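Listed next as structure tokens is one chain, alone, in the form predicted alone.
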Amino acid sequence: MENLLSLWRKGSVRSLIYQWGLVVAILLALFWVFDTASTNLDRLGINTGFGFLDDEAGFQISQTLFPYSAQSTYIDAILVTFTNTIVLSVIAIFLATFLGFFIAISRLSDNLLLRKIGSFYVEMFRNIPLLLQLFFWYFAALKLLPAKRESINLFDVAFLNIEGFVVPAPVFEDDANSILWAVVISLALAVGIWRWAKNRQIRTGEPFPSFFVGLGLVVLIPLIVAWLQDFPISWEIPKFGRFNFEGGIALQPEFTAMLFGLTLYNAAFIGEIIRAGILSVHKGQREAANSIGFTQMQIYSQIVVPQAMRLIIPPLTNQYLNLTKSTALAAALGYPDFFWALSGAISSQTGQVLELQAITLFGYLGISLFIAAIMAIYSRATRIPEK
């Protein structure tokens, strides 16, 4: 008894017991919820389980990246819409980051006009709810576009109209895989050169233009391989036929509205994150670098940005996660994304609410964990080593 009392008095043991007690209580609560739900569903005559996923879906999906028809299974529908969500998220993340960087630079500029434009952009897009912005782009801005026959012609390669955005489609021949491998190898070489240049600068203090060298490798190596293979990748330019466009890829207005809304809304937050990170570096760092002859490019690439990334990456990761989860609002516009399929089309046909909600939760959780892992790897790679 005395031994038990002595163990209980230890803070670490007591804390461990509390933690495991909480875990057991949560597991019991989850089991109770699952058991109660299963009992009620059985009483109502609703089947449970994931066997329905092999049944025929019976509905069309307007935008797909791989073959799908109404005769496909529910699993195929889930994979198609999951891919749509990933594609929308990735494109919006890249565009929002690119635009947010320029917003941050504008707000830090010495030019009064640029500063005011940047401030106006941030205050306007950040303070209007995202759903209202999506409605504006879909029901107002895009609805003002002309019909197909009067499409806005963009250099005879892309066409914008009320039914969407028609862009060229890549055509891959048999030897196109070699270009893909060339891109992968060139990226690996660029990363290797960047790490070597970073370690070299830590040892000797001498900078190396790793960014431009890596960019040159990523561009030149695939071009050389494509030239040797007689360019096995071509582009199918859309042409307007008798009633519709022939060739190319038609991006739906729902996708365009979602991309516009997600990009412009999140760019305002990303711009403020980048601006705050840059301002966190004391101006004395810039003055010291300027005094020893560093150019503005060297000051930002070698001094300011490496130190600012410590504060930029955590909130930037959080903003990327918010952007990805915001794609669920696509259901309000009718864009066939992951949430639209599971909580709308499939749920209304099967009634398997619990199973579909579980798939939805784990799907978005998987995407979020993947983005967080990628950003964590990047954070460790850019971390300034402590001496």
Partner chain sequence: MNIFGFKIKHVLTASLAVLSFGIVTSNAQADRLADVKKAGILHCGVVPGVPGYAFPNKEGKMVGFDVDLCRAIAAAVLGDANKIRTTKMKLPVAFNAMKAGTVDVVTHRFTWTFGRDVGQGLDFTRVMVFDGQGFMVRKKLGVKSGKELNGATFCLTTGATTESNVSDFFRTHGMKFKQVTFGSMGEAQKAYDQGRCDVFVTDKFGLGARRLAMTNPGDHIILPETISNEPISPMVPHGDQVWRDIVVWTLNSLITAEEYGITSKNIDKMRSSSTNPFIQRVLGKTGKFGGKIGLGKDWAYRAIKAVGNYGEIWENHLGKHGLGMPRGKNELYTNGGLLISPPFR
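Positions refer to the first chain, counted from 1. Because the structure is predicted, anything quoted here is derived from the model rather than measured. Here the rigid core means the biggest group of C-alpha atoms that line up within 1.5 Å when the two forms are laid on top of each other.
Omitted from view is the form predicted in complex with the partner chain, to which the following refers.
Honest question, do V33, Q60 and L142 all end up within 4.5 Å of the partner chain in the model of the complex by heavy atom distance?
Verified in the model of the complex; spot residues all in contact, yes.
Stretch in contact, per heavy atom within 4.5 angstroms of the partner chain in the model of the complex, of 209 to 217, 98 to 106, 144 to 152, 260 to 268:
So the stretch in question is 144 to 152.
Using the partner position in the model of the complex, report whether F294 sits within 4.5 Å of the partner chain, counting heavy atoms only.
Close contact is absent here: in the model of the complex, F294 is far from the partner chain, nothing within 4.5 Å, heavy atoms only.
Against the partner chain in the model of the complex, would N318 count as a contact residue? Criterion: heavy atoms within 4.5 Å.
The answer is no: N318 has no heavy atom within 4.5 Å of the partner chain.
Consider F135 of the chain shown here, and say whether it contacts the partner chain in the model of the complex, taking contact as heavy atoms within 4.5 Å.
Because a heavy atom of F135 falls inside 4.5 Å of the partner chain in the model of the complex, the answer is yes.
Indicate whether A328 is a 4.5 Å heavy atom neighbour of the partner chain in the model of the complex.
Output for A328 is no: heavy atoms all beyond 4.5 Å of the partner chain.
Of N322, T360, T350, T64, which one comes within 4.5 Å of the partner chain in the model of the complex, counting heavy atoms only?
Partner contact (heavy atom, 4.5 Å) among the options: T350.
Between F231, Y300, F245, W194, only one gets a heavy atom within 4.5 angstroms of the partner chain in the model of the complex; which residue is that?
Answer to the contact question: F245.
Though the partner is not shown here, which residues of 325 to 339 have a heavy atom within 4.5 Å of the partner chain in the model of the complex?
Contacts from 325 to 339: A331, A332, L333, G334.
Core superposition between this form and the one not shown, C-alpha change of P315 at least 2 Å
No, the C-alpha position differs by under 2 Å between this form and the one not shown.
Can a Cα shift of no less than 2 Å be assigned to K116 between this form and the one not shown, given superposition on the rigid core?
Not so; K116 is displaced by less than 2 Å.
Hey, does F135 budge by 2 Å or more at the Cα between this form and the one not shown once the core is superposed?
After core superposition, the displacement of the F135 C-alpha between this form and the one not shown stays below 2 Å, so no.
Just to spell it out: taking the C-alpha atom of Y121 and the C-alpha atom of L142, is that distance smaller or larger in the model of the complex than in the structure shown here, given it changes by 3 Å or more?
Here the pair is closer than in the model of the complex; there, farther apart.
Distance direction in the model of the complex for the C-alpha atoms of F94 and E236, relative to the displayed form (3 angstroms or more)
The answer is farther, because the C-alphas of F94 and E236 separate from each other in the model of the complex by 3 Å or more.
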